[in-house]
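One chain comes next, on its own, written as structure tokens: the form predicted alone.
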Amino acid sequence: MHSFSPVIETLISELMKLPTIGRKSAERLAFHLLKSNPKQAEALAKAILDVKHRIIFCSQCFNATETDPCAICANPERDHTVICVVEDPLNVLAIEKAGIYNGLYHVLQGRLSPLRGVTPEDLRIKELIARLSGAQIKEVIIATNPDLDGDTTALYLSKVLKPLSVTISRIGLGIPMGGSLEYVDEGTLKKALEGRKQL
């Protein structure tokens, strides 16, 4: 069986570690990079290194940022009495693109998944509780994805946050069961936020 040179095989193997990239896609990407202008490949490599060296997580909300606190947390014009809890930074981006929410965020950095061994200790739940204890937060909107793990996370959060005397709501209808927030259009996200229900 014919195989590529070890250098190309290494690149293919590394590309296959990316989400949704199988062997065929990795081969196509590797050969695209091979045929591209060296400056394009260098620009891609630099962008990857910049992300790894310059991006940090905000110490308040845990969103990906270059500054601490992030621009959202530091913005005095945002509503600092409402926190929208999401699974990852892509969810923040999706909601921000929709342009219908002006509060703060809290990024859990994942979601509960008993089958994969993800427990509350693996997420930024303690930091959320600490944040709610020391601030004038009136409402927490739980915007985890509407699937089994997202619903498990939402249920767990509603239980641990109940004693903190804040209104707890869950994004409403409009997002299909099993869907992912980063793929939902702005209109659907708007309806989901407007139709949130108190837990």
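Start at 1 with the first residue shown and count on from there. Note that the structure is a prediction, hence the values are computed from the model and not measured.
Below: the form predicted in complex with a further copy of the same chain, not depicted.
A.B. asks: Note which of Val160, Ala130, Leu148, Leu29 lies within 4.5 Å of a further copy of the same chain in the predicted complex, where distance is taken over heavy atoms; exactly one does.
C.D. replies: By the 4.5 Å heavy-atom cutoff, the listed residue in contact is Leu29.
A.B. asks: Since the partner isn't included here, can you check whether a further copy of the same chain sits close to all of Leu15, Gln40 and Leu44 in the predicted complex (heavy atom within 4.5 Å for each)?
C.D. replies: Each of the three qualifies.
A.B. asks: Please name which of the stretches 136-144, 149-157, 47-55, 162-170 has residues with heavy atoms lying within 4.5 Å of a further copy of the same chain in the predicted complex.
C.D. replies: One stretch meets the cut-off, namely 47-55.
A.B. asks: Residue-level question: is Pro89 within 4.5 Å of a further copy of the same chain in the predicted complex, judged on heavy atoms?
C.D. replies: Pro89 belongs to the contact set for a further copy of the same chain.
A.B. asks: Heavy atom to heavy atom, is Ser36 within 4.5 Å of a further copy of the same chain in the predicted complex?
C.D. replies: Yes, Ser36 sits close enough to a further copy of the same chain in the predicted complex that at least one of its heavy atoms falls within 4.5 Å.
A.B. asks: So in the predicted complex, does Asp79 come within 4.5 Å of a further copy of the same chain, heavy atom to heavy atom?
C.D. replies: No, Asp79 is distant from the partner.
A.B. asks: At the 4.5 Å heavy atom threshold, is Lys97 in contact with a further copy of the same chain in the predicted complex?
C.D. replies: The answer is yes: Lys97 has a heavy atom within 4.5 Å of a further copy of the same chain.
A.B. asks: Residue by residue through 104-121, which ones have a non-hydrogen atom no more than 4.5 angstroms from a further copy of the same chain in the predicted complex?
C.D. replies: Not one residue comes within 4.5 Å of the partner.
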